[in-house]
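As structure tokens, one chain now follows by itself in the form predicted alone.
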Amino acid sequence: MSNPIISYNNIISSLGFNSQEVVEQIAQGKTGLRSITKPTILEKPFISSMVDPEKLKAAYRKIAPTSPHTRLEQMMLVSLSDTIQKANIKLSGRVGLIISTTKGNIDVLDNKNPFSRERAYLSKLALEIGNFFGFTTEPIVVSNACVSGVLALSIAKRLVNGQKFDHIFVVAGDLVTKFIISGFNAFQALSDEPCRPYCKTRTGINIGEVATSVLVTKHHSLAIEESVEIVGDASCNDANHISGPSRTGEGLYRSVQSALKEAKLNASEIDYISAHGTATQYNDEMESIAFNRCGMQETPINSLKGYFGHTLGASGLLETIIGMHSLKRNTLFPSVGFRELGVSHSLNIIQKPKETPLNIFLKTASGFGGSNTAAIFKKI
């Protein structure tokens, strides 16, 4: 049985409104993080990456909406519209839709928001997206903290392998909102500087926003240059704490081991790791322990949070797409901002762009509630 592939894709972010543009910005070492002054979100300036509202408005108008949509819906619609158009697939009963998000339209709960509060229900968000394009199947919502993006790909893989669908479009997105920023600020986890994952001088997390989408399919005739196969995946919940990761990296370790087993690969065959790397003390430390337990301390590793911040339920899909383009370019992108290792176990942090033959990468994600996910992707 051939593995499902990830093919057509799009990224809407502060670094651009298509995947190629965004990846080119990363290749040039540019970051979307900057100081934001927005008292309606936080009373003091904060570091974030936010989608340009004027560019979004212009792109949204081009897809000819007939009814108003929330900011997140606009971002998702613009991204998915591009991916569907490029794929050129009829949206029949054999085509599925998965929505990945952590908080969805949480901003509609603001008293000044013009949309109905029922729009905050994730099922309502999913129907708005599905109905806009005319999907004939009921959308599936994946909302499992910050592993949602990678987990959505795992679910798509299983549904395609199980012949429930021939093709599945996955769209992911989350916003920078008062609810989310104030929550991380209450944890005292926000950094006043651009985040530096795994770095000794890191001071915490930045939150960002994106919308991104891909096609998952078994039809290799739909493969494009950056397409990859999903050769292995696994999830494990270590149930350690509502917000704190396992101190031994147990859930992440088991996820990686199970994904390697399914892919029939050894740790040494992974060319690089696109890790979660939030730049918080506990997350980065946990990952260093887990990767060492997996025998991956010498494997090149990066975190892309220094380019976008943590984009919550969209981060895993966003970083998978950039990993696909990394394989295509045979280029390792650096973990921007890194200066000196600040975790207890050795890691081979990518510090400069490097051209090298690449074939397979591992994407990992970890989130609140002890959730952990790993997926392995192979160049076609």
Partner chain sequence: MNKNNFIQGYCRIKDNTVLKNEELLFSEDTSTLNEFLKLAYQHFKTDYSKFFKMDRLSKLGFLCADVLLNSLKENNLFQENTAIVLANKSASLDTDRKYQKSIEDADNYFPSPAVFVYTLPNICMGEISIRHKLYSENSFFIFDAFNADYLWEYTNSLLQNKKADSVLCGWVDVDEDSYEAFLYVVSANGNLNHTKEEITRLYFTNE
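Remember, predicted model here, so these are calculated numbers, not experimental data. Residue numbers count along the first chain shown, from 1.
In what follows, reference is made to the form predicted in complex with its partner chain, a form of this protein that is not presented.
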Among C199, V176, I140, L91, which has any heavy atom within 4.5 Å of its partner chain in the predicted bound form? I140
Counting non-hydrogen atoms within 4.5 angstroms of its partner chain in the predicted bound form, say which of L151, A290, M76, V170 makes the cut. L151
Go through 82 to 90, 291 to 299, 276 to 284, 226 to 234 and give me the stretch that gets within 4.5 Å of its partner chain in the predicted bound form, heavy atoms only. 226 to 234
Heavy atom to heavy atom, is A239 within 4.5 Å of its partner chain in the predicted bound form? yes
So in the predicted bound form, does S191 come within 4.5 Å of its partner chain, heavy atom to heavy atom? no
Residue-level contact is defined here as any heavy atom of the residue lying within 4.5 Å of its partner chain in the predicted bound form; does D110 satisfy this criterion? yes
Quick check on E269: any heavy atom within 4.5 Å of its partner chain in the predicted bound form? no
Residues in 242 to 274 close to its partner chain in the predicted bound form, defined by a heavy atom within 4.5 Å, in order: I242, S243, E250, R254, S258, E262
